[in-house]
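Here's a solo chain for you in structure tokens, the form predicted alone.
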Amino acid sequence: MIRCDEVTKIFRKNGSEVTSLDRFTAEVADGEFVAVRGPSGSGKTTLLLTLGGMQRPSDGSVQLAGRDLYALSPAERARLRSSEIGFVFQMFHLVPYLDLLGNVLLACPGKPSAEVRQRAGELMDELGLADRASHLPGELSAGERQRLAVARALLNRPKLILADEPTGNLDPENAAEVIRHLAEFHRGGGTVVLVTHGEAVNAHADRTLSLEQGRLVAN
């Protein structure tokens, strides 16, 4: 599913350089659930953004399903993200003035069809949000907002979910609930790469990648 070869990301500002990823090389197999751990500043979020086609590396290559991700044009990468990748973030990234259904449908490129709307409703039902469809995100608890973000990530039936600290703002009960839904996606054949400091993922991840100062120290 994913192959990274000697991926390096250097940020340059005001004449100084910070190496966020340092010759990172690893593979994630199709259908695998991989946790990514490391101290703050170790490059975890940079890695996830690079895997998702949102941050071009300074050097090295990233392949997704056999395609060189950064050899694609920006438009081609955007289409690939829309069709094959779902994103879940710690801060939810919901649109505050759209109701819950509208936020889920944001994942759909163009005008959503009746079939897409039906799937959105089914996902909200599965995630315990069906009775809140007309509410705004600000009326939800943190756990409900994160489940809404998971529904949005699942809408287009992606092959891969990239999750950046999706339980970081949740209590243990809600964290376990979010991880349970990601694990169900994995059991259905999906691939998950999840950045975390928490323990809820331990029972579900196939293996863990450990980063320190942008380098892979355990695989």
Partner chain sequence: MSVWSHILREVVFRKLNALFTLLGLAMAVTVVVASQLLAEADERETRRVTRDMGFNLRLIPAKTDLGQFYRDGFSRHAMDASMLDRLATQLTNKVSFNHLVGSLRREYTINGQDILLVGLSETYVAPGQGKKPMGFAIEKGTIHIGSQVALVQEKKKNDTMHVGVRQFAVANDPIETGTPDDITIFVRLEDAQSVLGLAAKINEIEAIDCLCLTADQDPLAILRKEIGGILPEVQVVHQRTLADARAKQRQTREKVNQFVLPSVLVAGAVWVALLAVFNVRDRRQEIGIMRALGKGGEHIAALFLGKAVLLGLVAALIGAALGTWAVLEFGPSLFPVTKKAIQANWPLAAQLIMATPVFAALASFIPAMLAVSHDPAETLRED
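Numbering follows the first chain given and starts at 1. Everything numeric here is computed off the predicted structure, so don't read it as measured data.
Not on display, but discussed next: the form predicted in complex with the partner chain.
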property	result
S58, Q63, Q55, N174 - the one with a heavy atom within 4.5 Å of the partner chain in the model of the complex	Q55
Interface stretch in the model of the complex with the partner chain - options 188 to 196, 174 to 182, 22 to 30, 41 to 49, non-hydrogen atom within 4.5 Å	41 to 49
Non-hydrogen atom contact G121 with the partner chain in the model of the complex at 4.5 angstroms	no
In the model of the complex, R145 touching the partner chain (heavy atom, 4.5 Å)	no
D99: touches the partner chain in the model of the complex, heavy atom cutoff 4.5 angstroms	yes
Touches the partner chain in the model of the complex: G128 (any heavy atom, 4.5 Å)	no
Residues of 68 to 87 having any heavy atom within 4.5 Å of the partner chain in the model of the complex, listed in sequence order	A78, R81, S82, F87
